[in-house]
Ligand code: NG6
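Take a look at this one chain, the form predicted on its own, written out in C-alpha cells.
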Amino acid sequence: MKAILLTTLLAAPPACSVLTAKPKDVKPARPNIIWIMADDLGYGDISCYGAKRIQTPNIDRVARQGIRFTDMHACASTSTPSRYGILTGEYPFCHPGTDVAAGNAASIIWPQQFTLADAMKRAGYRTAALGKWHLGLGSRTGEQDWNKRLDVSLDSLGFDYSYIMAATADRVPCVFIEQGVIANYDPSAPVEVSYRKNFEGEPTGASHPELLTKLRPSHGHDMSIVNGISRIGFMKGGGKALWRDEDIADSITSHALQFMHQTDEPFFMYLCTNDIHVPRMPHERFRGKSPMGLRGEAILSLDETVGAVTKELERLGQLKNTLIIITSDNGPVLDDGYDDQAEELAGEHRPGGPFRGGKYSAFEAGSVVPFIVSWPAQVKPGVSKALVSQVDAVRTLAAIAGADIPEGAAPHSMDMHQTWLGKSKEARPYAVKMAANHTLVLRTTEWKYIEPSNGGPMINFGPKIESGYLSKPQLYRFDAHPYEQDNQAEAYPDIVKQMQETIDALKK
C-alpha cells in the first residue's frame, strides 16, 4: 500500500506550481462544447446514478450516449470556490476571496487571469455564460453602481455573451445581468444593494413575515423580500427588472437557445442552472409532479432544461458534434434555509447516493458529483471509474478545442482529455477538495485523507449534515471500503504523514 501511495503522490506537482502535462497529439474535429452546471445536485439525485423516487429521462439519455463517471471531484463542497477552480484551473485555496461570495462581491477572478473562456476564444470559439455566476462582479466589493455598466463583468474574463445572476437566487440583487448591465432595466426603480444594513422603510422577512407569500425561512434568509420570498442581503428598487423565481429556469434556457442560434462558429457555453439551489420555486407546471415536493420538482426542471438544449441541437443538426458535460458544483443539501419540506418529503431518497455528508462537508457527498460526458461523434457509451477532477477543465477542454495555454496559466489543471473521452482509463494522481471551513481533503484511488480541523461533527448553521471535521487526522481506505466508515489513521501513520505533507506543500 505504501509503495502505491508514494508512486501516486510523487507523480503530482508540489505547492501551487504549474502542472507540465502536455496535450496529447489526438485532435479530433472541434465540437461545440456545452458545460451544464447544476447547482447543489447530489450524486444520488438523478436516475442514471441510482435515484428511485425521481426520473430524469433527458439527463439519462445524454448519459446513455456518453460516459458516466463515478469518481468525479469538485474543487470544493461549496459553490464559489468550486466554480473558481473550474474556470481558472487553480485550486481555490491558493487564491484570496474564494469563500461563498456575497451578491455584491467584487470579481473574484481577476481580468488578468487566464480562464476557460479565454482558452476557448483562442481556439476560435464564440463563448457564453448563462445562469448562476456567484463569482463576483465589478472591481470593488460593495461599491458597484448597479444602474450603470459594471466596470468588471464577464467580457473581461473571456465571455463574448453573458446573461447571469450576480450570485444565487437566495442573495440580492434579484435581477439578471446581461452584457454587464441589468436586463430589462427599469429607470423608475434604480437598484441599491447592501450587505451591511437595510434601506429605510424597506420590509424584510424578519420584520414583515406576513409578506412572505411563497416561502418562509427556516434559518437565516430573512432580509429583503422579492417575489414573496425573503433573501440574504438588502435590496431596494428593481421594478420590472426583478425576476420571478418560477421563471428563472425558463429565462436562462431561452437565452441559451438564442445564443446557439446566433453563431456560425463553434461555440462554448457555460450553462449554469439554479433550480435545486434554495429558494426552490420551479415553474407552476411542475407543481405536484414529484413526491419529494419543491426539491423534486426542481430536479425535474433541470431535466427539462437538458432536454430543451439537446432537442434544439438535434433540430439544428449539431447534436452529433457537440460535447455535452453535465455535472454539479458541489453536493446536495435538503434544508438550506427555507421551509420547503425537503427533509420531510425525501423519504428513502438519498441525495448524496452512498456517500456520507453533503454540501459544506469534508465527507465525500460534499464534493463527489455526477459527471456525464457525451459527444456522439467521438465518445463511445460507457461507465468510467477513473478518479477525475473538475480542476482539469481548462487544459482538458483546451486540448479538445486545439487551444494553447500560456505559461503559468491554469496551474493545477491537467490535460485529461483521453480519460474524459473514454479513450483511456488513466486516473488523476490525486484530487484535492476544500470543505466549507477550509479543511482540505486529499483523495487518491486508494485512500482519502482529511486533515485535522476545528469544528463539531455537524454543520453548525442549520443544515443537518455531517461536517467531516475532526481534531485528529482521518484516513479512509477507498479501494476496498469507499464510504468513510473506518478511520485508519492510527494504523497507517506513514501514509498520514505523506498525505499531510502533500497538503502542506500545496498550501504554501
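All figures in this text were calculated on a predicted structure; none of them were measured in a lab. Numbers for residues come from their place in the sequence shown, where the first is 1.
This protein has a second form, the form predicted in complex with this ligand, left out of what is shown; the following refers to that one.
Practice task
Mark V100 yes when one of its heavy atoms lies within 4.5 Å of a heavy atom of this ligand in the predicted bound form, and no otherwise.
Solution key: Yes.
Handout entry: Residue contact check: D275 to this ligand in the predicted bound form, 4.5 Å heavy atom
Key = Answer no; every heavy atom of D275 is more than 4.5 Å from this ligand in the predicted bound form.
Exercise for the section: Consider N330 of the chain shown here, and say whether it contacts this ligand in the predicted bound form, taking contact as heavy atoms within 4.5 Å. Expected result: Result yes; N330 sits at the interface with this ligand in the predicted bound form.
Handout entry: Interface membership of T78, this ligand in the predicted bound form, 4.5 Å heavy atom rule
Key = Heavy-atom contact with this ligand at 4.5 Å: present for T78.
Exercise for the section: Could you check which residue among P429, P111, G220, P209 gets a heavy atom within 4.5 Å of this ligand in the predicted bound form? Expected result: None of the other options qualify; the answer is G220.
Problem - in the predicted bound form, the residue from F268, Y84, F159, Y360 that sits within 4.5 Å of this ligand by heavy atoms - result: Contact check passes for Y360.
Practice task
Among 33 to 41, 476 to 484, 64 to 72, 50 to 58, mark the stretch whose residues have heavy atoms within 4.5 Å of this ligand in the predicted bound form.
Solution key: Among the listed stretches, the partner-contacting one is 33 to 41.
Problem - Partner contacts in the predicted bound form for 122 to 153 (non-hydrogen atom within 4.5 angstroms of this ligand) - result: K132, H134, in sequence order.
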